[in-house]
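In the block that follows, a single chain appears as structure tokens, in the form predicted on its own.
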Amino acid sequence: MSVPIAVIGAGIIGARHARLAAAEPECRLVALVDPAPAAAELAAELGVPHYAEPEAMLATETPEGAVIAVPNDLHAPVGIMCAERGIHLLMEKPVAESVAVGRSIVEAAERAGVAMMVGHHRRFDPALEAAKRIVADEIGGLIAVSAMWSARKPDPYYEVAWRRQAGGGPVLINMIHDIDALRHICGEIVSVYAETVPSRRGHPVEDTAAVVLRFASGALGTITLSDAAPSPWGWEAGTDDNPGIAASGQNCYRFVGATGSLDFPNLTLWRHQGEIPGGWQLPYVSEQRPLGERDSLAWQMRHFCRVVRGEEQPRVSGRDGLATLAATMAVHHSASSGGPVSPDK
């Protein structure tokens, strides 16, 4: 039975969600909510009702699930409004603009007895699951990981006002995805040290960050981030999972362990030839693991339908998404304080 779904917010990611919901056999798009004229045009194209505000939609439609893709500071009022009406939530990341506000949404969903998913769609990428298995079982224990995300966002991207304001920088928009992926593969983050650089475009947000992470296992990690520097190194470029970002096929993460290392996302496993663990005098051998079809955003939508029907538990629950938000906010807290901080869960 198809699940009636409303999409609230029709920006870049909201429009993608709307198209996916309209195409997904397991759900039925019943409304698109956004005051922008482009949203009305998209709703007409998809053949669904358009509403400027969620209150008007909720007074008329009866969705069982809602995708919340509005600006971060609207996540709480819109998400809580839907939860209190018994509507299950797929909340785009981040959960909210702060951990405290995010916690209020999670608690509202729990009180209402509705499921809450957070839109860390990379958890549905088969390369991520393969990397998790390889890091756990085949590199002799994780010692460190390095991650890179660097791209030059085009100037029109910033015509949307909230992207020029606090919380609209690449830490909360982009790095949060990498932090979630590294939490999933490497385990919980217990300490964060970060430096950030103000926007070269003159906006009151960062555009570049360098971060050191310590995981509960004792492994260390680094993330280098910039939305002002063109490069082929980043998740979207490496995996080709975003049609708006040019693909490069280059790796964005490297995991190193006591007996081997892994390039990601091409899943090339590196070891010394012969002896285990070997030594630097030995030649390297590499093995590229096969990877099948990937369509993580579409699979997330299908999973959400099954969560709404009670057939599956959320792959990224509200509490899980809150932990990722806490580790990400720690980047800002560390950059402000000048020292390492622990995520405030």
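Each residue number is its position in the shown sequence, starting from 1. The structure presented is a predicted model; accordingly, all values stated were derived computationally and were not measured.
The protein also exists as the form predicted in complex with a small molecule; that form is not presented, and the subsequent description refers to it.
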Exercise for the section: Have a look at 209-217, 144-152, 178-186, 114-122 and name the one stretch with heavy atoms inside 4.5 Å of the small molecule in the model of the complex. Expected result: 114-122
Practice task
Please run the contact check for residue 69 against the small molecule in the model of the complex: heavy atoms, 4.5 angstroms, yes or no?
Solution key: yes
Practice task
May I ask you to check whether residue 9 falls inside a 4.5 Å heavy atom distance of the small molecule in the model of the complex?
Solution key: yes
Exercise for the section: Could you confirm whether residue 136 comes within 4.5 Å of the small molecule in the model of the complex, counting heavy atoms only? Expected result: no
Practice task
Verify the contact flag for residue 163: yes if a non-hydrogen atom of it lies within 4.5 Å of a non-hydrogen atom of the small molecule in the model of the complex, no if not.
Solution key: yes
Completion exercise
Interface check vs the small molecule in the model of the complex: of 326, 13, 335, 20, the one with a heavy atom inside 4.5 Å is 13
Problem - Heavy atom within 4.5 Å of the small molecule in the model of the complex - residue from 61, 295, 45, 53 - result: 53
